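Below sits a lone chain in structure tokens, taken as the form predicted alone.
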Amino acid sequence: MSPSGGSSAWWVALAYLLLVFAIGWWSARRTRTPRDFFIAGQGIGLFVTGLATMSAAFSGFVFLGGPGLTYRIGVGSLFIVLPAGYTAGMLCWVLAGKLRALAGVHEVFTIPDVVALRYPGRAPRGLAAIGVLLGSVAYLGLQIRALGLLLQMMLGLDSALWAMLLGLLVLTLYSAVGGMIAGVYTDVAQGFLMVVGAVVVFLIALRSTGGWGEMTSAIAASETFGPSFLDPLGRIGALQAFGYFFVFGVGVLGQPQMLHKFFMIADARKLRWLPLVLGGSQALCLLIWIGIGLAVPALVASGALAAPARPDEAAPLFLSTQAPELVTGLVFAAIVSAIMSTADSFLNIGSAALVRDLPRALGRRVHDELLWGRLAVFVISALAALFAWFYGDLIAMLGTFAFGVFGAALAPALAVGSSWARPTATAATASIATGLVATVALELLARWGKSPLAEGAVPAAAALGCSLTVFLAVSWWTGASGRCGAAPGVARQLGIDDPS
């Protein structure tokens, strides 16, 4: 896309960004308390909750990382998104109502607040806060890399570093000013634009390649890609494919950027309709993963498109060469919206972990959480930028690591612990610690070529399996059957203890 001022695509994207900042300015005037900053005043409706949850989950990971990963490994990348067929319902069935019930009675702003209520003691809360902070830095790094790549291609910048720093500045200022109110209310516009953009791009992908049959035939006949690209597992083995499915199908129960939204809904009775809104919007957004992910290899195979220099450039390259200018601007704005929405969520939950949860786990309280929460946004952004710059792999690989950190650290303690009375604070502490250490250690060993796992094994999947095993084993060893370690009121709200 040309960066010139006469480009209609450029003006569409610019107009959208101005709209987003206008909402941020309006939101800043409504952000007066920590409750406003961290959970949007706990007064949002069903569709806002659904779109906000989808926008927090789908970001540069889906819009840029998905097509890039598909270009590298084939349709095996879809094992990451296949769980979306049931995860919306599972989230609401297992956790949404219970989290909202706790937030309606207690001062619950964060996931570590929930952990502290369920597992009394400083260690579970402190470790949960470290997990949220580490995962937020990694996931935010993904958004910074994705936005940097997009801005580099939109503005024609030569330096990827300067493009990334520009994206970092935009994200940080927006989140620091508006907090979660800004994130939630822009999520409505962003979510709508993401859905529309994904559907339009999918239709353009079909048109540009001559339809589904022509698309797949071109890929299968190509020496570069070949029939293996379209095999059910793509270019990866079963261990890697099912590892992705396990991480994204079970680890979703530990994603604070999604669970955090359940605290905010004003009317808990409307949660029964949330899977329809959340699952439906997710399904439509995933069309961009499939459409561009298959269209670019087909166009490259037929000679109609030059191969991207890097797999992550597949989506921007397709949009800038195959879509009408107006559509290109719309979809670029949709991708920017996805990135900004998710980044805002991570900056807020990360700052809450740093200025609220960690100090409380140490027996201290920050005097002005709103002020320090805004300042913490800049610290977390700087750490995320450094992490993103040195990680050096595909956007989707960075996203898998970040998703795995949250899943391995938090999913067992939250999902199992909210439905079973036996787990203790000791079990939660051991599980969270195991998840954090295993995810980081296995990822580092894999990147250094010294992984102890079988070839193709996903480090995040192994870490989640270890964390879940430790949680169950320690729960059986230390817990008392039918007795919950939480306060009676908390156990009653979770429905895991006899109120008598």
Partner chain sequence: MLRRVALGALAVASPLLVVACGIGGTSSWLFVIPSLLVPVALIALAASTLRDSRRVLLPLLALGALLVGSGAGILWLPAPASTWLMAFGLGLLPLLVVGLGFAVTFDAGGDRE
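Numbering follows the first chain given and starts at 1. In this text, all values refer to a predicted model and were calculated from it rather than measured experimentally.
There is also a form predicted together with the partner chain; it is not shown, and the following applies to it.
Chemist: To test your reading of this chain, name the stretch in 412-420, 382-390, 145-153, 342-350 whose heavy atoms come within 4.5 Å of the partner chain in the predicted complex.
Modeler: Careful reading of the contacts points to 412-420.
Chemist: Tell me, out of 230, 304, 375, 165, which residue has a non-hydrogen atom within 4.5 angstroms of the partner chain in the predicted complex.
Modeler: Flagged contact: 230.
Chemist: Go through 316, 399, 243, 256 and name the one with a heavy atom inside 4.5 Å of the partner chain in the predicted complex.
Modeler: Comparing distances to the partner chain in the predicted complex, the residue within 4.5 Å is 243.
Chemist: Within 4.5 Å of the partner chain in the predicted complex: all of 56, 122 and 474, by heavy atom?
Modeler: Judged in the predicted complex, none of 56, 122 and 474 sits within 4.5 Å of the partner chain.
Chemist: Indicate whether residue 403 is a 4.5 Å heavy atom neighbour of the partner chain in the predicted complex.
Modeler: No, residue 403 is distant from the partner.
Chemist: Determine whether any heavy atom of residue 453 comes within 4.5 Å of a heavy atom of the partner chain in the predicted complex, and answer yes or no.
Modeler: Answer yes; at least one heavy atom of residue 453 falls within 4.5 Å of the partner chain in the predicted complex.
Chemist: Within 4.5 Å, heavy atoms only: does residue 89 come near the partner chain in the predicted complex?
Modeler: So residue 89 counts as contacting the partner chain.
Chemist: Taking the partner chain as it sits in the predicted complex, is residue 461 in contact with it (heavy atom to heavy atom, 4.5 Å or less)?
Modeler: Judged by the heavy-atom cut-off of 4.5 Å, residue 461 is in contact with the partner chain in the predicted complex.
Chemist: Determine the residues of 48-82 with a heavy atom within 4.5 Å of the partner chain in the predicted complex and present them in sequence order; the list may be empty.
Modeler: The stretch touches the partner through 75, 78, 79, 82.
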